[in-house]
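Okay, so here's just one chain, in structure tokens, the form predicted alone.
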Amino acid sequence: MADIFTDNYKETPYWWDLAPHETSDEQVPPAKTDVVIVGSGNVGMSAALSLSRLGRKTVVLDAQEIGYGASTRNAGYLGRGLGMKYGALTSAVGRQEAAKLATVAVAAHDYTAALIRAEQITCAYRDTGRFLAAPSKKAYDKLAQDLDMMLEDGVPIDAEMIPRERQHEEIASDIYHGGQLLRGNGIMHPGLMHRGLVDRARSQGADVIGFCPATAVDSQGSGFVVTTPRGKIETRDVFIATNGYTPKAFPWQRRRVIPASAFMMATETLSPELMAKVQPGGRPLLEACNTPLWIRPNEDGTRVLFGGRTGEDLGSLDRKAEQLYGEMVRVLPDLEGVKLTHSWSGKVAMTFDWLPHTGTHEGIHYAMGWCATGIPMGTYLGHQTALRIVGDPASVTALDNRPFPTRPFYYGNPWFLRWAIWWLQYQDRTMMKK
């Protein structure tokens, strides 16, 4: 393959250029607080903002720099759905329960969009809609069937099917069989979104401390003691918000999430004409399959951001970028010869039932397992967890305290991931033949 990298190519997230991380933090945590939140992503920061406004003294701890994980590495999609497709969800839990769960996802989108506006977070948020691209006629029919079921079940959704002959309105590609246009979905700059949450939480009095892992949590009286390398913290409540970066210090939670690496890359600046050609509607794309690719314009519409190959072991980042570049050109032949300025990876977390989970185990609160819906679901359920901590009945959602499954002999290292990804890809290949 010809050289696909610019001279200033970086193996760090594109988002970090405008939202660089704090590279050091020597703050000593207080000896006592009301709530300790472990994890400084959108989930933890949303909870910290809400708790601080509700009068709770809050400390957020992270083992790395603030926002090191997926909150500043993701695709910046603000969607209205769960990771599991609606038809599969109805098969798993029944149509009545599926409608309740799907409505939580809509509430998560609406809460997060309203929070961005209310807090005036400058993160290039745009309500663009989303194109779900069907890799086969069977996938197209399944999208249409799911849409009909959701409308019948009263799930608030605004969408229409785009047949194959119209898909060039959305994407300059011939490999798809049409798709579904989902209105009420958006995109943003996730680095700036996260920074906005951090700034707002700190302005309300929350202590947000990086490079300070929680190495143990022990019960003490009616509360807990959280141990860190910089001292112990006595606290009434603890909230674990670590998702795909859950450490061994929290074995119960770690056994219930499956971390998987997702990969993304950013092109060099493109001409307005080329950008308008490859994505005429300026909408993000997500493939409607088990192992999707995704495509979106950047915050000012001057670059293409492309992601996929989640869970695969592709070697070094530049090798991953080369393979993903091949996928990009297969989907968008007009980008042949365009160079890359960034490639990066980050850990998402799946669950064994493909649903997010929030609740309390042995007095410790948790919210995790976003299944690639982390910006809306994480931000919303971080807030809802804050309400639960203060005893507000408005905290209740259909996702609360559902059975959170694990598997025998699984302790947080997904040794089976290679075979699981192979099986999902096999299902995708089978679907594409129909």
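Note that residue numbering follows the sequence shown and begins at 1. Keep in mind it's a predicted model, so treat the numbers as computed, not measured.
Although not depicted, the form predicted in complex with a small molecule is the subject of the following passage.
Touches the small molecule in the predicted complex: Gly223 (any heavy atom, 4.5 Å): No, Gly223 sits far enough from the small molecule in the predicted complex that none of its heavy atoms falls within 4.5 Å.
Contact label in the predicted complex: Gly76 to the small molecule, heavy atom within 4.5 Å: Because a heavy atom of Gly76 falls inside 4.5 Å of the small molecule in the predicted complex, the answer is yes.
Contact test in the predicted complex: Leu49 vs the small molecule, heavy atoms, 4.5 Å: Close contact is absent here: in the predicted complex, Leu49 is far from the small molecule, nothing within 4.5 Å, heavy atoms only.
Residue contact check: Pro247 to the small molecule in the predicted complex, 4.5 Å heavy atom: Taking the distances in the predicted complex, the answer for Pro247 is yes, it comes within 4.5 Å of the small molecule.
Interface segment, criterion being heavy atoms within 4.5 Å of the small molecule in the predicted complex, picked from 136-144, 238-246, 316-324, 87-95: Heavy-atom contact with the partner occurs in 238-246.
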